[in-house]
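Single chain ahead, written as structure tokens, the form predicted on its own.
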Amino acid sequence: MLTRQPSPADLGRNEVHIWQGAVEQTLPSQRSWLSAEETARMERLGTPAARAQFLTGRVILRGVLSRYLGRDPASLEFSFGDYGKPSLEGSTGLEFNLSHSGDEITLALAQSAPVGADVEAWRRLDRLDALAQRCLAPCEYAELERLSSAEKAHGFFRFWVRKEALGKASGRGIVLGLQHCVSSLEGPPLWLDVPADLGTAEDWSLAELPLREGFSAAVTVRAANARFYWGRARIESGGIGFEKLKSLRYSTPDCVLGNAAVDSARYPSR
């Protein structure tokens, strides 16, 4: 059940709030939240599906940020870094990152810490081996090679969303150097190595999201031992409705393909 009382002001400095949404119908009053630049960008998109995805993402982004900041959604202004990463104008201290693929939308928020999110719909990869050799560290590629043919594409997407999330958090995207963003599919998600200019792997926390079959998603933040909280956000007639946030925890350290995101009191979150 969705509620209008998510207590978003409680976002702590070592926490990440993750809001998951889906492409859905918006109201004219919500579409008016977009800036003229956003509206023009949406109208340039070539298909109705792409326009609906963009519009829903912007409405959720503005609607959620407005709750955290106590401001009107239409009043929010954004600036962009050298590689296109958006940030809020003004010294709010609130960091965010938005990603969408297919009909899934992921928004991650952190307080005064770079955060990145990526969601990907699984799709056929005709040259998976060549792509994996180009994007994965040698230890990651060796791990992928140990999987069955049916599992390899899923494993690659799990690696990919982690690397994309770190690239987006850094503000540099894939220029960061994908082979230097190293993790393992075994055990709870964590960074084994990151590019030297991002500090150490221990400076960063990593989470995978419990999405439905056919999607992979990850969020990372520059904060050691951060706690991740996850919930659904949905467009409603009065604005945005929120689920109660749940702590994102992980199952056993020896889980092979993750299935890691469960709400359990038995294991600490990372």
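Predicted model, so just to flag it, every value in this text is computed and none were measured. From 1 onward, residues are counted along the sequence shown.
The same protein also exists as the form predicted in complex with a small molecule; that form is not shown, yet it is the one meant from here on.
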> Are all three residues 15, 206 and 249 in contact with the small molecule in the model of the complex, where contact means a non-hydrogen atom within 4.5 Å?
Replying inline: no
> According to a 4.5 angstroms non-hydrogen atom cut-off, is residue 122 in contact with the small molecule in the model of the complex?
Replying inline: no
> Is there a heavy atom of residue 138 lying 4.5 Å or less from a heavy atom of the small molecule in the model of the complex?
Replying inline: no
> Taking heavy atoms only, is residue 197 within 4.5 angstroms of the small molecule in the model of the complex?
Replying inline: no
> Is the gap between residue 175 and the small molecule in the model of the complex 4.5 Å or less for some heavy atom pair?
Replying inline: yes
> Exactly one stretch in 67-75, 125-133, 92-100, 149-157 has heavy atoms within 4.5 Å of the small molecule in the model of the complex; which is it?
Replying inline: 92-100
